[in-house]
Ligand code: NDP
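Listed next as structure tokens is one chain, alone, in the form predicted on its own.
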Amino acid sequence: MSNADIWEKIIEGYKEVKSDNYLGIFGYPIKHTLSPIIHDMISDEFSLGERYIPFEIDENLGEYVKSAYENGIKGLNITVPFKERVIPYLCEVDDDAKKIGAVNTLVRTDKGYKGYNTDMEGLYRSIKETGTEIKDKEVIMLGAGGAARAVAFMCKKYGAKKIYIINRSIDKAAALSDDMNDKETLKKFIPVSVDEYNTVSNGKYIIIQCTSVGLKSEDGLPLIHDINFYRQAEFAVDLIYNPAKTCFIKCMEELGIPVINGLKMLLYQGIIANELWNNIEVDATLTEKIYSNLIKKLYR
């Protein structure tokens, strides 16, 4: 199949979106993504004439990346299940993305696409704007899957004092801890199995929920069902944003603990990506306008 044929296949269904400048996202499934709201509003505000398209693609990722580049696509987001798989098809990878081992943003260069990870910075911005600092804090991460890698690297980059990674599989928690620990961090990352969660010393923690538990309304608390364990939180984050209030978030609210969901992380990772694509700076006014539209679309 030629690149022209590949492009016709992935653009199919979106030809009514008129623009000479396309941005987009590769993923599966992807049709319900909120990202077009973010990027189309930025385009309109800056008169960029860009339109953002969700491309639901199959396993031929390398062909699609090559085809998008040859057809002039300025920038792409990459989401599940392709954040790790896309790396071999890039001409360069940003240092942070390389250390995380996952890419969610492709920026066009003269040689091909360069990969970045804006998830980590998006999460950091969403936490920092609440007045909460990561530096010198102790953190509990729930989960050690793909989403947890960006969280762990954020904790490392911004100077968390100690990070417990609690997971059902101690091997996965240990592997992630080993990846993050080095001469600089020493043994800051500590793997803990769910069965031994009570070995985490009593204290005050930032707790970050990185699992998929909570996506379904019937889901209960993630990993640890002991309500007293969560009393140790001084601040909490659930990476899930739909539904707006998972059992984890409701638990934190009942305990009177400040908590946010992942919607601001989604917003900021998109803004950072667009700033890379267009060499612009999105101000607080536009940021809040986009956020309001995301809330209306998602929670109406």
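Residue numbers run from 1 along the displayed sequence. Keep in mind the model is a prediction, meaning the values are calculated, not measured.
Missing here is the form predicted in complex with the ligand; even so, the following discussion is about that form.
Q: Select from the listed residues V192, V139, A147, V93 the one whose heavy atoms reach within 4.5 Å of the ligand in the model of the complex.
A: Only one listed residue qualifies here, and that residue is A147.
Q: Though the ligand is not shown, can you say which of M252, A68, I271, M265 has a heavy atom within 4.5 Å of it in the model of the complex?
A: Going through each option in turn, the one that passes is M265.
Q: Counting heavy atoms only and using a 4.5 Å cut-off, do K172, C210 and L215 all touch the ligand in the model of the complex?
A: Every residue of the candidate spot has a heavy atom within 4.5 Å of the ligand in the model of the complex.
Q: Would K98 count as touching the ligand in the model of the complex under a 4.5 Å heavy atom rule?
A: Close contact is absent here: in the model of the complex, K98 is far from the ligand, nothing within 4.5 Å, heavy atoms only.
Q: So in the model of the complex, is the ligand close enough to I240 to count as touching (4.5 Å, heavy atoms)?
A: I240 belongs to the contact set for the ligand.
Q: Please determine whether V86 contacts the ligand in the model of the complex, using a 4.5 Å cut-off between heavy atoms.
A: Result no; V86 lies far from the ligand in the model of the complex.
Q: Answer yes if any heavy atom of V80 is within 4.5 Å of a heavy atom of the ligand in the model of the complex; otherwise answer no.
A: Within the cut-off, so yes.
Q: So which stretch, 153-161, 195-203, 109-117, 139-147, is the one near the ligand in the model of the complex (non-hydrogen atoms, 4.5 Å)?
A: Only one stretch qualifies here: 139-147.
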